[in-house]
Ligand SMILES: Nc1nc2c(c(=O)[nH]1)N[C@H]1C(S)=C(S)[C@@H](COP(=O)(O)OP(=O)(O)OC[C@H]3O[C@@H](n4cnc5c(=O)[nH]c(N)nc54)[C@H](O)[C@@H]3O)O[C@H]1N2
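Shown here is one chain on its own, the form predicted alone, set out as structure tokens.
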């Protein structure tokens, strides 16, 4: 009988990073995984993706060697050192001939879950002084950064879920996404406990999601009408005198402007605009405003639905006028573990510029670079431009543009035109197939890791990250596949920097912390650091030294450390949060005028959704994870299916003003009638014949990157897309 051993680690498929126990065979191969029931933070919770995390390490689709494009157009094995030699030479030649604006970098969602890689790649980009940095953030939730800039940020921290009396979720489903408002660790159990102590949950979502089914109040608005619902709740909070007047007087500017802007959003007006009960708006205000502690947070759904900046801003206004923040003298429930040590203060970081961060892209001259980053929806156009001043080289890290970017036909044409395309990628994806070099990295169980990236999420939005002082170190526990020739992701960027004569300064953390100076370390470029050394440097200046977590892996909660309290406002500081931004509230005028995304002849709206067993394009090639639905079906209300003469399993043709797709029809009684609901990041290469019952379909084919794009971020309409349905021939 084959002997096996068990070792503890962290699943790193999604932002939850659940603690797991991995079964390993004698050869060092991971066989299976289960939740770590001894972990007091997660209490054994993990999902089906985590169960199959080891399979991603041993999958036939995994790359075991780096690849380079051959003269015949295929790919051949190349050792990583030779690959870095060739890439450095070609990259330097492009920079010398065409300048820094000829080189771009795209970082996908998985980039931010690997702190060492994020830090080293950022140091590499900084050393090259690259301007063209694109990320998944501007096709995901860019409204968060825009809203925070217009509103400012509270340095004392927000209330956390585990201590709250009320919680509002807008366009997010954390019981499936395992992120987005309810703590990542065992969200269903945390919600159950919260409700047992009296917490009331408000959900605003056109779907009756798994989370919405547990809500005290679920408002099911017409897609894209979230600003009306939130403006109506704000109006009712003011009308019902549920505003924290003392907090507003001391810490908030623009209240009168906000009051005037939302005055027209009476419950009756909202009912007509969003198709929700007028009493539901009043009730939402009573519940949210009547509680002592709580928070509101929004997710991907509302950011993709056409009003990302405004909706996220109204969410922040809700929190501010009800004072949902920690005050001077309050104990900080989670002062941090591996993130940079910082003070908590009962004062705002005042608003800062939304845009004006450099010169606009050639393809988007009316869109000055904004705080959320350059518009990823424009990157394909920057490559396809004519003339000297176009992008010629692209480095892709932790992402799959052929699945994630809107308009995959344009994306494919752009990637094929590049003079140099380098992908750091462990799988043979559609994007890898179009690359000149595919640098194959080790996977997480083969490398040291930590919970730093998830802890650092509090910098993105209130109520994200951990709700308690939790931190965990994960040692490498398995060997790479036999015969494989792999490096860690970060090693490629250090190796390129060495070959190009660059000096690197490694930043700590993953996302910058508001009001805190990021520690940086100058690296010795003559000596490649050890992997554990890099992990130490990205946690430099942390409240709990990483070495403590290494020495005592059983200790993962640090609530017994010296208490941290919120400090008073600094003398002479008169900064205020701003709830009266004319640049964002002005969008309410356009919103009131009508629905700019409505199109004659398109009776349905297609909205995005998460599926429990895949994370973006990760897991779509594992049979055990796709067994339930097979692919990404088109979920439709049963009454709408019957009206269109369709039944479960039929192929349905879905057309938008931009394109057409075919998908498998699937009934979903939890949808509002008039909707189609589908998951992004599926499908096959454009132009190739494929069975959608096996490959799924890329709904990016329905999206235009030229029309209906948001201010500042350029995010196109990626949800609430007007579509029509017909039986596929």
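Residue numbers count along the first chain shown, from 1. These numbers come from a predicted model, not from an experiment.
Although it is not shown, the form predicted together with this ligand is what the next lines describe.
Undergrad: Would you mind picking out the stretch of 602-610, 363-371, 545-553, 239-247 that comes within 4.5 angstroms of this ligand in the model of the complex, counting non-hydrogen atoms?
TA: This holds for exactly one stretch, 602-610.
Undergrad: With a 4.5 Å heavy atom cut-off, would you call residue 461 a contact of this ligand in the model of the complex?
TA: So residue 461 does not count as contacting this ligand.
Undergrad: Does this ligand come within 4.5 Å of any heavy atom of residue 109 in the model of the complex?
TA: Looking in the model of the complex, residue contacts with this ligand include residue 109, since a heavy atom lies within 4.5 Å.
Undergrad: Hey, in the model of the complex, does residue 664 get a heavy atom within 4.5 angstroms of this ligand?
TA: Contact check for residue 664: no, nothing within 4.5 Å of this ligand in the model of the complex.
Undergrad: Contact between residue 295 and this ligand in the model of the complex at 4.5 Å, heavy atoms?
TA: Contact check for residue 295: no, nothing within 4.5 Å of this ligand in the model of the complex.
Undergrad: Pick from 103, 191, 618, 332: which residue has any heavy atom within 4.5 angstroms of this ligand in the model of the complex?
TA: Only one option qualifies, and that one is 618.
Undergrad: Just one of 539, 136, 116, 472 has a heavy atom within 4.5 Å of this ligand in the model of the complex. Which one?
TA: Among 539, 136, 116, 472, a heavy atom within 4.5 Å of this ligand in the model of the complex occurs only for 136.
Undergrad: Mind listing which residues of 663-681 have a heavy atom within 4.5 Å of this ligand in the model of the complex?
TA: In sequence order, 680, 681 come within 4.5 Å of the partner.
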